[in-house]
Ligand SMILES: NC(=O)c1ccc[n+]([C@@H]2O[C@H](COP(=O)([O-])OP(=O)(O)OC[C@H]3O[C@@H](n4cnc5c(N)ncnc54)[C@H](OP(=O)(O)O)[C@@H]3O)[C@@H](O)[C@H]2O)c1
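For reference, the chain that follows is the form predicted on its own, supplied as C-alpha cells.
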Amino acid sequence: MAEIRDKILWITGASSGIGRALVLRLADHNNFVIASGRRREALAELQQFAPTRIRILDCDVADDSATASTFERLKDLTDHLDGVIACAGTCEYDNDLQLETAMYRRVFDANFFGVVNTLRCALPLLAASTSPLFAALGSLSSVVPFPRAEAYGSSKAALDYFLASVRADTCHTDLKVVLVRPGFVDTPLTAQNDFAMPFLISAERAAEFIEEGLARGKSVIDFPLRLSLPLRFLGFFRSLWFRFCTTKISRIRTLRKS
C-alpha cells in the first residue's frame, strides 16, 4: 500500500472521526503532524500517542476572525507545510423542509467556510514546500441529492466546486488540490443518523483509503468503491435516481401549510 512519509502535515477536525484516525496513521508513518480541532482536551490525549511527531493547535477554522491568529501559531510550529487535510465539518438535517437559515449557516460555516479559512491560513506555508498538497473532505452525498440533506449536501457540493476552481487557478503552480469524497464512515457524527448506512466503514479504514489515494497522486478520492460506483452512475443519469430511489427514502408526504 502506498504511504506518505517524512512530511510536515496539518490536519483539521482532528478531535475525532476521520481526522483523528488520519493523525494517528500519518504520525505512525514518521510524519510530523499538526493536529487541530476545537476540543483541546481531545487533542492533548491524541498527542500522547506520539509526543515527538504530533503537535496540537486548538482552533475553530469556521471562526473568520481567528484566521490571522491561527496562521501566527502555525508559523510558531513550522516554517512550511507539505500538506493539509481539512477534515473539520458537521452534519445537520432539514426535517420537513423547515428551511431554518441559522442551521444552514452553521453547516456552511463548518463544511465550506472552514475549508476556505484553512486554505487561507495554510497557503503561505504551502508555498514554502517543494511539493505542496491541499486536500479537503467532501462527501459522496454531493453526487446525488438525498432527502433531508439540503444543507449538508449543498455545503459539500459547494466545496467540490471550490476545490475544482482552486485547482484551475493554481494549474501553473506545484500545488496539488485533492477532493476526498467518503461514503458512510463510523464516526460520532454518523452515530446520530437514524437511517440505514450501506457499506459503513471504520474511520481507520477511511484513513487508509485517504492516505493511499494521496500517495498515489489522485485528484479525487472516492470510497468505498461499491458505494461510489453506483452513486456516480446515478449522478450521471439523475432521472433514474429520482424515479427509483428518492421515492423510497423521502419522508415528506404533504407540504407544510404553516
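All of these numbers come straight from a predicted model, not from anything done at the bench. Each residue number is its position in the shown sequence, starting from 1.
Just so you know, the form predicted together with this ligand exists too; it's not on screen, but the next bit is about it.
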Would you classify residue 59 as touching this ligand in the predicted complex, given a 4.5 Å non-hydrogen atom cut-off? yes
Touches this ligand in the predicted complex: residue 216 (any heavy atom, 4.5 Å): no
Report yes if any heavy atom of residue 124 sits within 4.5 Å of a heavy atom of this ligand in the predicted complex; otherwise report no. no
If you check in the predicted complex, is residue 88 within 4.5 Å of this ligand, heavy atoms only? yes
The listed residue (162, 184, 108, 71) that reaches within 4.5 Å of this ligand in the predicted complex by any heavy atom is 184
Identify, from the list 53, 205, 38, 29, the residue with a heavy atom within 4.5 Å of this ligand in the predicted complex. 38
Only one of 76-84, 149-157, 127-135, 162-170 has heavy atoms within 4.5 Å of this ligand in the predicted complex; I'd like to know which. 149-157
Of 3-42, which residues get within 4.5 Å of this ligand in the predicted complex if you count heavy atoms? 13, 14, 15, 16, 17, 18, 19, 37, 38, 39
